Structure formats: structure tokens, C-alpha cells
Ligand SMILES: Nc1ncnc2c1ncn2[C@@H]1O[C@H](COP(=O)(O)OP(=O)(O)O)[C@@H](O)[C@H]1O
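Heads up, the chain below is alone and in the form predicted on its own; it's given as C-alpha cells.
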């Protein structure tokens, strides 16, 4: 899987550019605030349908313009594909796959698999459960369309249930609340067990990378915590048990939207007890494990997006990362070209300056 061309129009600080990246390493270099990350973001957007920096489309539109357009062409198992995203202010975002409108986001997920590694990824460790849920949900969705659809159904049910719980005369709707809980139990059971299954798989790769990075001095684990339980019986019982609490608080207090997973190194929670170095090691190991598991689940490596991460890593971790890159295609952003001149034989250099990109 790899990208053959990228076209952007009125996207962020780009008025109109088109580049043809090659397989292997593509270095996007230039001074800060010139548009390097914007290019990485556009690739990720066509992969997942969402930016990794904002949940809204309006910030993606170039100043004083009415909308943006992205077109990415690529090859998947030597079969060409084309993804187009068009947005105009005040309208819904339009996505096309091979010239056909995408009516459901699940039709897009998995066409162009990517793994992005940016300085913000430390938030997976440092921030609350929502960052970790987002990480695992995107990973599973890229390899399992059914999971993505069930996740959408679940969030829709929770939204409807919360609206019901906020009604002043909620006692009139107890039977309807029970119906919602019955449906939520079915989707929650699927989501929870898919997460547990996937985290068990990724934990094996994660532990291997932790061991390699620490010269076998450390080992890593990942533990999932479900607020409902794992079996259908446990889930239904917990929903019944918490019904009165939810009525009083007027919100759903348990379910996959509240769950979390803990990342451990040597049996200690990295978020609470890990050093800065251990936290960076954990994130690096997670991302490398993400690449491996996508390859294992789909049969091909994802496109790797490294957004200014080399400057965030010390020499040993930087060396380990470069030696561990197995993907067919990698995009790296950096302020320096000289550090990558001898990086690899097949490296293409793109210089970014004030919203323009030149191949050098």
C-alpha cells in the first residue's frame, strides 16, 4: 500500500499544490509554520475521514476561501484507488472513493491504512481515558469494518439514552429506558470483547519492543478495564444495577464510552509512575506495535506518518525507530534536511516554504 499523488486546494496554508511521493522515505522539510504538518494531516484525513488535530472542518479551510479539496491516489495490492474530500463552508463534507460518493464513513476506513506518530501522541499516556479509547478505536476500525459500524450504533444509542435520561418526567419512560439498555448491552458486548481481543494482540508486540528498547531490562503489559464487565450476563446486570444512579445523574455512567486501558512497564502504571523516558518508550512501542498488527490483520504494511518525532526522541530511540521502519512508504517532517541525507538509499526530499512544495 502506498500513495502515488497528493493534491491539495485551499487546504490550511496551501492554495494549490500537487506532489508525487515515491515508495520508501519521503522527507518533508522546511522551517516551522510552513505547512509540513498540514500535508501529513491531509493524508491522515483521507485515511480516517477526520483530522488528528481538530474535530471540525472549518479550521482546515485556507483563510478567505470558501472550502477545501483533497485528492489522493494510491495503490493497494497493485490495484489503484482514489480518495477525494471536498468541503464548503456551511455544508457537509463530501467524500468520494474511486469517483463514487461515500455515504458511510465505514466505506472509507481501511482503504488507506495509516499510522501517525506525532509529539501529541504522548497524550495517549498522559491524558485521560478518551485519548486511549480514540487510539484503540481507530486501530480496530482500520482493520475491522464491523467494529466501526457497531461503534457508531453504540454512540447513537448512548446519545438517545442520555436525551431520555434528561427528561423531567423520566418515570413515564422506564420501559423505553430498559429497551435502550437491552440494545446497548448487545453492542457493548461486541465492542468490549473486540477491544480486549485486540489489546491482547497488540500487547505481545508492545512487550517485544519494550524489551528491545530496554535491552531486556523492562517488560510491558496492557490491561483493559470494563465498567460493565466482559460477559453478556455481567453487562446486563451492571446496567440494571446502575439504572437508578443514571436516572438521578441524568447521564449514562458506564459502558465502552467510559472504559480505559492501562499501560504498564515492570508492573507499574506508566502514566502515574513512569519516567519521561519510559513514557516515550511506551508511545514508541505502541506505534511500532500498531504497524505490526495492521500488517498482521490486513496482509500489508500501512503508510507511516512521522510528524516531527525525531526531535522528540533521544539518539538511541531515534536509531531504533529508523531501524524498525518496515513500511513500503513513510512520510517524515523535519526542520533539517542534513540529518536525513544518508538516512536511506531511496529517500525523496520535498522542501516546504510558505505553502509551496518543491521536490529537491
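Numbering follows the first chain given and starts at 1. No experiment lies behind these values; they were computed from the predicted model shown.
This next part talks about the form predicted together with this ligand, which is not shown.
Mapping the unseen interface onto this chain, residue 295 falls outside it, with no heavy atom inside 4.5 Å of this ligand in the predicted complex. Put simply, residue 62 is close to this ligand in the predicted complex: some heavy atom of it is within 4.5 Å. Contact between residue 48 and this ligand in the predicted complex is not found at the 4.5 Å heavy atom cutoff. This ligand is not shown here, and in the predicted complex it never comes within 4.5 Å of any heavy atom of residue 329. Heavy atoms closer than or equal to 4.5 Å to this ligand in the predicted complex belong, across 238 to 265, to no residue whatsoever.
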